[in-house]
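Single chain ahead, written as structure tokens, the form predicted alone.
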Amino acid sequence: MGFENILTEVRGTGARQTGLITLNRPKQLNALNDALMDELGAALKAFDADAAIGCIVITGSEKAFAAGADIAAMAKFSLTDTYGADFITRNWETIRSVRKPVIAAVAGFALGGGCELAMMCDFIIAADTAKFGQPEIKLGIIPGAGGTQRLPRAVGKAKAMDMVLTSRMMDAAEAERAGLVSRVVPLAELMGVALAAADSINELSGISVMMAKESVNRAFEGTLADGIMFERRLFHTLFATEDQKEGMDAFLNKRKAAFKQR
């Protein structure tokens, strides 16, 4: 895959591997413009469709995961340019259709659209240098890629209101305490830890991993009763797979499971 605003590569030597996507607009601190988001969507869909890929990692640079949307490109937009062209929804929502796990490996600034992109991933592993924020209010606008919706679900109403209304940044330690990130590691260890997490997922049954992701996401989209029923049906369904038989037989016979991805 050849792109101008992102770098892609495949990592790992096992039966299933990791698709690594690196945001690559260093002069703009990886500011997210239309071209980058189009490329990111294409790379995500390609990795999602590749049976050899079990997990996807998105990262940026040591200085910035992504410092926000590209303000220079947005400054002269009108209502027609945004609403009429379905700005953001058109190409930012692609990640929501990805069925395989997507991990954000965040160092440096994850602000505005960068914070929103990280929250769209299934979980965030942060370097101790990471800083998260939604500073859109200082530009006379509000977050437009899910910041007012995903941030309260991650950190609670009070902290979300604080960040959205005052534009203050949250450092990595606070982000972990608040539940925004799953873990914080030293900067030098960030990619090693993120890729190791992906490797551990790659060793599992892909169909059960995708169903687990789908079921957890369902918890934020409906009532508890509906979510429990959804989970129960997926749980029952997995007993029709060969990987369920293999996983339980391996457990009973005290050996490592060799999943067949079917």
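Note that this is a predicted model, so its numbers are computed, not measured. Don't overthink the numbering: it's just position in the shown sequence, from 1.
Below: the form predicted in complex with a small molecule, not depicted.
(message) Can you pick out, from L234, L29, A35, V209, the residue that has a heavy atom within 4.5 Å of the small molecule in the model of the complex?
(response) By the 4.5 Å criterion, the partner-contacting residue is L29.
(message) If the cut-off is 4.5 angstroms on heavy atoms, which of these, L165, A188, I141, A158, is the one near the small molecule in the model of the complex?
(response) So the residue touching the small molecule in the model of the complex, by this definition, is I141.
(message) Check P152 for me: does it contact the small molecule in the model of the complex (non-hydrogen atoms, 4.5 angstroms)?
(response) No - in the model of the complex, heavy atoms of P152 and the small molecule never come within 4.5 Å of each other.
(request) Report yes if any heavy atom of A194 sits within 4.5 Å of a heavy atom of the small molecule in the model of the complex; otherwise report no. (result) Although the small molecule is absent here, A194 would stay clear of it in the model of the complex, with no heavy atoms inside 4.5 Å.
(message) With the partner left out here, check for me: in the model of the complex, does some heavy atom of G68 sit within 4.5 Å of the small molecule?
(response) Residue-level check for G68: yes, a contact with the small molecule.
(request) Decide whether A145 counts as a contact residue for the small molecule in the model of the complex under a heavy atom distance cut-off of 4.5 Å. (result) Yes, contact at 4.5 Å.
(message) Given the stretches 42 to 50, 224 to 232, 197 to 205, 59 to 67, which is the single one in contact with the small molecule in the model of the complex, using a heavy atom cutoff of 4.5 Å?
(response) Of the stretches listed, the one contacting the partner is 59 to 67.
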